[in-house]
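Single chain ahead, by itself, as structure tokens, in the form predicted alone.
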Amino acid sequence: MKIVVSARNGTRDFECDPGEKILHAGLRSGVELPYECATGTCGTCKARLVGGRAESEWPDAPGGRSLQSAAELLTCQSVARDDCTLALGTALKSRAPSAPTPRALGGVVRARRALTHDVVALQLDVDGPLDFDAGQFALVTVPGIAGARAYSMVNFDRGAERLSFVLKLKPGGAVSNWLFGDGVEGTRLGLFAPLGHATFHPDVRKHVLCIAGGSGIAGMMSILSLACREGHFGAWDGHVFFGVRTARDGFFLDELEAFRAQYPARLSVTVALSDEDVPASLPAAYPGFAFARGFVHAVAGERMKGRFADVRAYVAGPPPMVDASLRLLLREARLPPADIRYDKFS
């Protein structure tokens, strides 16, 4: 089926397979349709159906709150039933020549390990080598469970044949409950990847600021892996602020220390505990880190005062924490929007 998209800066068209999400078809065809979460949550991908028939596979998606008429749809949840014409209220962006093109593929769960009482690390062997940029995410689908979930890649490798993810147990969450259950290893999952705009490229000559809450540290690990590998912190500063509720909720601290130890003069790590005072055991175990009591965005704002020049910031975590961090970066730090990178999914 043919999809024609009319935007403020022109018209593009692409082919959409039966049962394929319109957003997926456009992205794999090189048409940069707007999106953020790609899971039906945010509403960024909305478009107006001008002609043809399309049907939502999740009519009650939270992002539907942004739809203003029956003619509007979420491209990330909608499939075309025949040729369609869509109108966007925004301009289509141009894809960078080096940007990897997302595609559908499969993967098999090969390893799962507990990081905390409610966070696990998961590794998937994928069907073929996958290129992605540091900081990107994948849509993961589990057999028998409706809808896709977005998870950031923890690792960074060009032509990766294994992807690493961090998943947090969510009360009542169908996918997370399944992942924390028995019989997970060896299961075949569906993937659509890579996605996301919160990417790091070593040729950008900027200091790096990472503000992460909980499992939001996942994409930051990919960014730090590439930055350390390319020697970025030999010339530019890195500031990592990692927020968790209590000491028992912390993870990846050994891995963060390994990154910091490579560039001790320029890469700093601060761990913020929101729900308890910092126990003496933490600074004793990680003397190279700084620790603080408070919400991670507030701790970052206080410790970064006067140090926001030439900074590119990356933000990930629970939506309230992301919103608070964005207010800090825009209103107080006065960073230009182009230097604030985040993907709105949870």
Partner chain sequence: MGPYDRHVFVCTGGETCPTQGETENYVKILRAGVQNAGRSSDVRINKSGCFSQCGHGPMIVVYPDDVWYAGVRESDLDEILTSHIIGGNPVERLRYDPGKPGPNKIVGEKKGAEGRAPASDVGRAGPAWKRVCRSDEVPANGMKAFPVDGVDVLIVHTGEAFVAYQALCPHEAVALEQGVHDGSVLTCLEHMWQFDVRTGAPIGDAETGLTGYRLKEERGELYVALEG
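Positions refer to the first chain, counted from 1. Quantities reported herein were computed from a predicted structural model and do not represent experimental measurements.
Unshown form predicted together with the partner chain; subsequent notes refer to it.
Look at the stretches 82-90, 257-265, 172-180, 140-148 and give the one with heavy atoms within 4.5 Å of the partner chain in the predicted bound form.
-> Stretch with heavy atoms near the partner: 82-90.
235, 96, 114, 71 - the one with a heavy atom within 4.5 Å of the partner chain in the predicted bound form = So the residue touching the partner chain in the predicted bound form, by this definition, is 71.
Looking in the predicted bound form, any heavy atom of residue 66 within 4.5 Å of the partner chain?
-> Yes.
Any of the heavy atoms of residue 43 lying within 4.5 Å of the partner chain in the predicted bound form?
-> Flag for residue 43 set to yes.
Hey, in the predicted bound form, does residue 340 get a heavy atom within 4.5 angstroms of the partner chain?
-> Because a heavy atom of residue 340 falls inside 4.5 Å of the partner chain in the predicted bound form, the answer is yes.
Quick one: is residue 7 in contact with the partner chain in the predicted bound form, heavy atoms, 4.5 Å cut-off?
-> Within the cut-off, so yes.
Residues in 25-54 close to the partner chain in the predicted bound form, defined by a heavy atom within 4.5 Å, in order = In sequence order, 36, 43, 44, 46, 48, 50, 51, 52 come within 4.5 Å of the partner.
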